[in-house]
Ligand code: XMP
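Just the one chain here, laid out as structure tokens, in the form predicted on its own.
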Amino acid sequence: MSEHSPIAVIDFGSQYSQLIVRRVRELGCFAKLYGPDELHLTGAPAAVILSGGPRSVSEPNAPDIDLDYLRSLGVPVLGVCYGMQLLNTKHGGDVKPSDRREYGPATLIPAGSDCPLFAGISKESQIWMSHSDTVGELPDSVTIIARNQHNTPVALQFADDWFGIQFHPEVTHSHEGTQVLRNFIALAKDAPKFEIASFKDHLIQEIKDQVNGREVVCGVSGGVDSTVLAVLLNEAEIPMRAIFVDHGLLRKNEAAEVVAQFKELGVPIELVDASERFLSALEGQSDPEEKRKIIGGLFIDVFFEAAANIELLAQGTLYPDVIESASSGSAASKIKTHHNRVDRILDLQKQGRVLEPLAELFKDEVRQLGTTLGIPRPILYRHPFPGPGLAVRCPGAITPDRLEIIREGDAIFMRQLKESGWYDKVWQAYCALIPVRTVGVKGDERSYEFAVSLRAVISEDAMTAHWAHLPYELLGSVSNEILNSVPGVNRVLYDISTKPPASIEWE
């Protein structure tokens, strides 16, 4: 993998900006993400992709681009949604509010077969729209190369290798979006190749350069991300202490399982039992953002105390965590605060004391990286588990009784998923508590107990997710066992919400 001449993705704040990077990498080319004001830092990119974004190009102080500099690069350019609208205005056209809010599936109808961007694309195919503005007046030099079913222009050609598209090719809902990106990449000269094995060597060198002899404290949870991080640091021969904090929000028997897992991997870890401290701090707190802040802040406190002096804190942060938190420098709207993006972490970042080697990767890329590191498949394909633990699956106040209900229900759900062969077919599954009591009947007597929600989703990267169509027989079996063996529950529901609009977790 070469770091020279990457395909540069300019981030205008779309929730899918990093997904464009991922798709380009999947196509075998190296890509990097840059802010709108970082175009000059791209060096000599092989091509430039301008992302979508939540703003309107007609707004005051809307994100902009230096068109003259972009032209001087002499490389192919693709504008996606906001990027297309920006290119249209830069070429002398305009943008206006659409007469309909176009969000969701639409039909791509290319104008002809001679456009290189749509080579091999069907005469009609599904695309995914997400915008409220549309192009209005078009410059004379611009050609409409595709419309949708409403006859609205959804693709423009500004020059031989400059294009704009009013849909998201990076999401799976655009059925031939990958082919569109492949066609665009084919126009780039000498695009650097991307392979996860060579990227591992790149990461190890970056880690060594950033660590520069300092001791690293690595936070581990037993999840895929922190496990790959710890093994990667170990592979890089970095002086490291791996600390596992039991915050009292873990699943059933999880602490013992994590200790055994790291012993198997040859990475020593230190177990810190701070469960009583966390539960005490969370007592009576029901606001989800406040709970995340408490957990994140206390987590860092525990680390400082356990390590005495943290020279460098390593975290298994992935890009979905970064983009959803809309941390400093991102134009995206904040969805939720992640435990590894609380104020004290941001302060440490400013001091250059946070190491996040995986922050440009998605979950599937991390798993590929773990494979090159020799980590066993059962560990790599363990379902994602959030940093705040069961706190995000316990809306409202957190109590030991409520956590016990979640643990027992979750253990039953996971066991039956594994026994039925469905565990490896879904991206993530869990049991959550619904903090309301419902009327039921147990043993010929009236009960007034909690409901729990089962959730299982199919996803590639956690940016979007569909609910898994688990067999009725499996759901019935899980429900029956929970109702008969978990005290305090008299109702089991199955969550069939997609992301968006719902998130994968409850909080």
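Note that residue numbering follows the sequence shown and begins at 1. Given the structure is predicted, the values throughout are model-derived calculations rather than measurements.
If you look for the form predicted in complex with the ligand, you will not find it shown, but the lines that follow are about it.
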Q: With the ligand left out here, work out from 203-211, 420-428, 120-128, 188-196 which stretch has heavy atoms within 4.5 Å of it in the predicted bound form.
A: 420-428
Q: Work out which of His168, Arg292, Lys363, His247 lies within 4.5 Å of the ligand in the predicted bound form, going by heavy atoms.
A: Arg292
Q) Of the options Pro76, Gly387, Gly370, Gly177, which one has a non-hydrogen atom that comes within 4.5 Å of the ligand in the predicted bound form? A) Gly387
Q | Distance check, Ala8 to the ligand in the predicted bound form, heavy atom within 4.5 Å | A | no
Q. Arg491 near the ligand in the predicted bound form, any heavy atom under 4.5 Å?
A. no
Q. Ile482: heavy atom within 4.5 Å of the ligand in the predicted bound form?
A. no
(Q) Does any part of Ala462 reach within 4.5 Å of the ligand in the predicted bound form? Heavy atoms only, please. (A) yes
(Q) Given a 4.5 Å distance limit between heavy atoms, list every residue of 477-505 close to the ligand in the predicted bound form, or none if there are none. (A) Lys499, Ser503, Ile504, Glu505
